[in-house]
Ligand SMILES: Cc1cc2nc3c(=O)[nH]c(=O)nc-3n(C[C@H](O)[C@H](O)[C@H](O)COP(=O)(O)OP(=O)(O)OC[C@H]3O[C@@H](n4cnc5c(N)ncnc54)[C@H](O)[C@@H]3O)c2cc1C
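To begin, one chain is listed below as structure tokens, in the form predicted on its own.
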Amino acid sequence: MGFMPVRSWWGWGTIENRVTGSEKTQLLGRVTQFLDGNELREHLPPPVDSLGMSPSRITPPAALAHLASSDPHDRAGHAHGKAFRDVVRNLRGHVKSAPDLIVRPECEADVLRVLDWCSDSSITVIPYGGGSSVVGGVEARFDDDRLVISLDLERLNKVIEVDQKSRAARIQGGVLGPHLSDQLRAHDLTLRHFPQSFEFSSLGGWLATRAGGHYATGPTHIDDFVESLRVVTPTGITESRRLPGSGAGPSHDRLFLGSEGTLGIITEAWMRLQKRPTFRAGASVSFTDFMAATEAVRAISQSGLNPSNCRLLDPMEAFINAGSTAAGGVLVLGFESHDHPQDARLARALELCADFGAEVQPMKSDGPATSADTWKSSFLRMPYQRDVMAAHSIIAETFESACTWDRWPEFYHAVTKSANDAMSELGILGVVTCRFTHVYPDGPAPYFGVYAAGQWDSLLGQWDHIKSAVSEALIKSGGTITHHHAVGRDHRPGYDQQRSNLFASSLRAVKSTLDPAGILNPSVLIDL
């Protein structure tokens, strides 16, 4: 057996890939240019055996005992997701939300048996894919002392069947991104869904949270790739018919897409696939004015060119993560296809950019690194770098939303003002960055970053104050509380304002039918 990397129980990814050496020094040097007053003392994670977790209170039935783990390291690793506040709590040794047991089913029948057992025994079930939630979606955060298991689907990780003619595959829900990609590569196919969490997130997790992928336009949300779903609920199994499209009533699949494990466990899905791209074209585009840059992006999004990458970085985001000094930010443009060259599409997009005063820097594989190259590398390392900043009392977290183009300028100013005002109220120094992750003909999906000099003893309270202020601004300014990170427990207040009370009542009625004992991920989306 080859080398197996070790997952970090307290932070992102693997221990072997953590940020060290010159990467760590340069990161802290860049960020602290704007954060005078930060103490920069590193706080290391405590040993698992010092966390003082209570012993597990659950004894599984004999038929399920071989699937269950009460190992302290396992339980600590399943206590939280991977948000900033999760990492800080882990570094502080606060893992009171650790589940009593981790249960890893090996087949769909195991999932049915687990749900039957937990329904009969009043045991709460938190579905767990890759554990990459940044909204409290996998955390047992309850006021009472209930019994909890984490249902980890990592063993349901196979591509079961491939239909080459229809270009689709039947896939188990627990497969992580890289393993799925490897299995499809043998068929020269790809799902073409690459969220930043790709390495440590699962197909079932993407479906349950309506995840957005890396691509800026065209099919990019996981919804776009679903042919049919198979879902195990406490009252039985439901499966939609596999079809390219249907107008037969409300969509079965859309009931479970975004349900975040509250209605059932997605064990299998038929997913639409694509041929692996062979033609690519791209460029890095600098602007002198950020709002002019956003207008260029609007023109591209409404042109029908459908770039695979249309990622706009504002000046601060471009400097911190791409080393660019462009006064108006940088646009990373990319086109790809399996079937035909993309140079003409890129050329037309660059013409549109030129209308707004752009300066083009073509991407060259044999030349010096461009801002786009630097940013792409940084993008993949961002979660690891965030952990380093958290350990040094630097607040480093994000908000992602979406709004219509007519609201965009006011939306941008309202959100950045709310973050800056919140930091000023706390008496801490910080900066706000913005980038577009996805763009649509009717609006952008802005992704705001906050970097602030926090104090270790009050770090969580400081972050919660900023998050509350910005979340309120997102909703009041006509945006969504989340574009692709899901609701979980952290976004519930904003989601309660975004959706109607009548729709919430409808969700409760559905849940009472599918999960009458209320064991599945309580307090996510709705309360019973």
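Residues carry their position along the shown sequence, with the first being 1. On a predicted model such as this, the values are computed, not experimentally measured, just so you know.
What comes next is about the form predicted together with the ligand, which is not displayed.
Among Asn90, Thr294, Thr209, Ser401, which has at least one heavy atom within 4.5 Å of the ligand in the predicted complex? The residue in contact is Thr209.
Using a 4.5 Å cut on heavy atoms, which of Pro127, Pro446, Pro105, Pro99 is close to the ligand in the predicted complex? Contact check passes for Pro127.
Wondering, does Gly261 line up within 4.5 Å of the ligand in the predicted complex on heavy atoms? Heavy-atom contact with the ligand at 4.5 Å: present for Gly261.
With a cut-off of 4.5 Å between heavy atoms, is Phe200 one of the residues that contacts the ligand in the predicted complex? Output for Phe200 is yes: heavy atoms within 4.5 Å of the ligand.
Contact between Asn321 and the ligand in the predicted complex at 4.5 Å, heavy atoms? No, Asn321 sits far enough from the ligand in the predicted complex that none of its heavy atoms falls within 4.5 Å.
According to a 4.5 angstroms non-hydrogen atom cut-off, is Val138 in contact with the ligand in the predicted complex? Answer yes; at least one heavy atom of Val138 falls within 4.5 Å of the ligand in the predicted complex.
One stretch from 264 to 272, 180 to 188, 282 to 290, 415 to 423 that, in the predicted complex, holds residues within 4.5 Å of the ligand by heavy atom: Selected stretch: 264 to 272.
Quick one: name the residues from 6 to 33 with any non-hydrogen atom within 4.5 angstroms of the ligand in the predicted complex. Just Trp12.
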